[in-house]
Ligand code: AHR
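Presented as structure tokens, the chain that follows is alone, the form predicted alone.
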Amino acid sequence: MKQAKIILDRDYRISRIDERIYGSFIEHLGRAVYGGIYEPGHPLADELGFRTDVMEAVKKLGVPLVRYPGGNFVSGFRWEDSVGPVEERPKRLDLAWFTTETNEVGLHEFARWAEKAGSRIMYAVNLGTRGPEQARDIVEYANHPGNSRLSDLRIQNGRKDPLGIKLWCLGNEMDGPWQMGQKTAYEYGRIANESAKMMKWVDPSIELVACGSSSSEMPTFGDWELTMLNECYENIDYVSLHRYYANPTGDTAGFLARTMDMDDFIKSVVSICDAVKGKKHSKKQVNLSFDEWNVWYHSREQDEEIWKREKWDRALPLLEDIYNFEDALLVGSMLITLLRNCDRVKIACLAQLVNVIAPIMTRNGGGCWAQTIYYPFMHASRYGRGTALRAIVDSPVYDCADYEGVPTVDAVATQADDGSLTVFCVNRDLTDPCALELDLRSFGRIEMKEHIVLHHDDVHAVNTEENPNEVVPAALPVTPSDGGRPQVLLPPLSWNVLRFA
């Protein structure tokens, strides 16, 4: 049997974990809003039209932050369309997703939903077709107490107290030719800097995320970050990263190794941020916001057919990837990668939350169920709080088409404020279990309390409304251990949560 070993020490700290690393994303795209979180007339809709079954599923994930309202959508969005009497709000053609946006759900409604869900808003401003003036205006509308035109308009629209939005995105993927108002790195850096100045003059307490490259595969990656940061470094707080992975060829071993690319991406952007810091002789550290990440490829052909038939309709069923078991394993490793880099990755958003490349699915007028990727995210959000610990992992390795020396066991650990310890690990081996030894002697008297596993014999297994429990976590028996060196058997192709107290 294959064997691996993990050494942990209470002093091998990576960083305090910012809870915003468990954020998510709701864009005005597809059925994320209309038919997702919002469906008036549904038997389980509340007085505002929000689905309570979806709300409960979101609450179980423990999502502290939701990025809103886009995404590509935001680059053509007029925030003024989303406030005021609903019946007076305009319908607009959305050029990002070729649908019609009705603005039935706007800023006030979404703020109410976020409050009910126990989340805060990460609001994106339009720096594609708009600029600094409109960016500072929405900050005034949302956050200024009163006695100004826009804050008084908020009060007139039914919200006396400020919304208190503290985290803002300066546009979205501004390097992409698919983006409305695409810019060069210099153009974007200048407009981001001027927007940042004015927004912080209105509310000095806010934090701002500047657009990094929309992917590490962009031809301008690296040069974009250097040029952009040279223009706005002192006025922004985070640089965004976006990354999606796919497995169109069915190569499971290669697919599960994609987090090696994710780790390289993070470290490259950290290096660029620190290079600009050095160049500017700055004392300020800019951190990272990995505010779009997930698996995304299952629905692309389907989306093309929908656009041919129903272009410009409302709430088209776009990007509705049906996730299988191997997708859940990669999502688990992506969470491990984020935690391993939490000294610099302070914010992350699983893209997205409901229906659109999402852990939660719904049927209009019908049920709500959890996809396979729901469970690793729920476990990490629930148990991965406190401080991340650096796991020294001695594991067998394998080679695949794109990577050499891929560890079979991918792992990280977190210690909660009460002293309890959680180890998250993925066994990437396709066929063999792995006997894992954990060296926990530095923690003194510690006992294993729980071993949660997500495993299925079929990597293509999925959850559906009719069969929502095809791929769900299970509890494995826990064997008592002596001397702080417990032994655990990791099933092949498995996500594991090991909890100690």
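Bear in mind that the values here come from a model prediction, so they are computed numbers and not experimental data. Don't overthink the numbering: it's just position in the shown sequence, from 1.
The same protein also has a form predicted together with alpha-L-arabinofuranose, omitted here; what follows describes it.
The contact residue chosen from Thr408, Thr372, Gln352, Thr422 relative to alpha-L-arabinofuranose in the predicted bound form is Gln352, the criterion being a non-hydrogen atom within 4.5 angstroms.
With the partner omitted here, the residue from Trp178, Tyr186, Tyr297, Trp201 that has a non-hydrogen atom within 4.5 angstroms of alpha-L-arabinofuranose in the predicted bound form is Trp178.
Proximity to alpha-L-arabinofuranose in the predicted bound form holds for all of Glu292, Leu319 and Ile357, with the criterion being a heavy atom within 4.5 Å. Among residues of the shown chain, Ser213 is not one whose heavy atoms approach alpha-L-arabinofuranose to within 4.5 Å in the predicted bound form. Taking non-hydrogen atoms only, Ser195 never approaches alpha-L-arabinofuranose to within 4.5 angstroms in the predicted bound form. Among residues of the shown chain, Asn172 is one whose heavy atoms approach alpha-L-arabinofuranose to within 4.5 Å in the predicted bound form.
Interface membership of Tyr123, defined by any non-hydrogen atom within 4.5 Å of alpha-L-arabinofuranose in the predicted bound form, is ruled out.
Shown alone, this chain has one stretch from 27-35, 455-463, 436-444, 51-59 that lies within 4.5 Å of alpha-L-arabinofuranose in the predicted bound form by heavy atoms: 27-35. Contacts of stretch 67-86 with alpha-L-arabinofuranose in the predicted bound form, defined by any heavy atom lying within 4.5 Å, are made by Gly71, Asn72, listed in sequence order.
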